[in-house]
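Heads up, the chain below is alone and in the form predicted on its own; it's given as C-alpha cells.
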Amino acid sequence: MTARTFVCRCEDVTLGEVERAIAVGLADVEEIKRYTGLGTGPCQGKECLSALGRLLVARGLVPAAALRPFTARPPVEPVTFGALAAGATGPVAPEDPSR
C-alpha cells in the first residue's frame, strides 16, 4: 500500500495520515480516530476499524487481544430529524406523537 491509500473512505483518511499519527506517538485506536477523523463518517468505523487494527498489530503497537472498538458517543439528548432539518439552535419542544 502507498501513503495515498485510503484507510477510511468515508472521511478520506489515508495511510499516510495514519502513519503521521503513529509517528507523533499515537498508538491507540481512539487517539488515532480523534487525530485523523478515521471512523467518524457514515459507517462509524465498520469499514476502517479492522484496517487500522491490522496496521497497529502488524507494527507491534497493540496486541491483537487488546484491540477495542471506538467509543460510542450518542447525542446528549435525542434530536428529531425535524429539528435538524429546521436548523433549530435552542431547546425544541417534543413533537406531538398523534401527528
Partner chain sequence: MPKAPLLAPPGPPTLTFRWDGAPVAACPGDTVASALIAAGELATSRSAKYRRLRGPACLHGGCGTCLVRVDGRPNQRACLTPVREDMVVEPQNTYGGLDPTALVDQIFRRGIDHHHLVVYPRLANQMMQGVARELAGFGELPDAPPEGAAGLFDHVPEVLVIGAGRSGRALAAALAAAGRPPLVVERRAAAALPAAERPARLLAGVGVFACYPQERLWAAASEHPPVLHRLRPRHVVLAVGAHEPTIPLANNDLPGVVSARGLADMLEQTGRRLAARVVVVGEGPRAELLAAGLGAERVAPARVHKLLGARRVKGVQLDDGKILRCDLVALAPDPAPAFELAAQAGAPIRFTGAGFAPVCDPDGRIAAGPAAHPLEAADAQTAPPPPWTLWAVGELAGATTPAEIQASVDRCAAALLRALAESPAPEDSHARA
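What you are looking at is a predicted structure, and each value in this text was computed from that prediction instead of being measured. Positions refer to the first chain, counted from 1. The term rigid core refers to the maximal set of C-alpha atoms that superpose within 1.5 Å between the two forms.
Same protein, other form: the form predicted in complex with its partner chain, not shown, and the subject of what follows.
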Is residue 42 close enough to touch its partner chain in the predicted complex, meaning at least one heavy atom pair within 4.5 Å? yes
With a 4.5 Å heavy atom cut-off, would you call residue 59 a contact of its partner chain in the predicted complex? no
Does residue 82 shift between this form and the one not shown by 2 angstroms or more at the C-alpha, the core having been superposed? yes
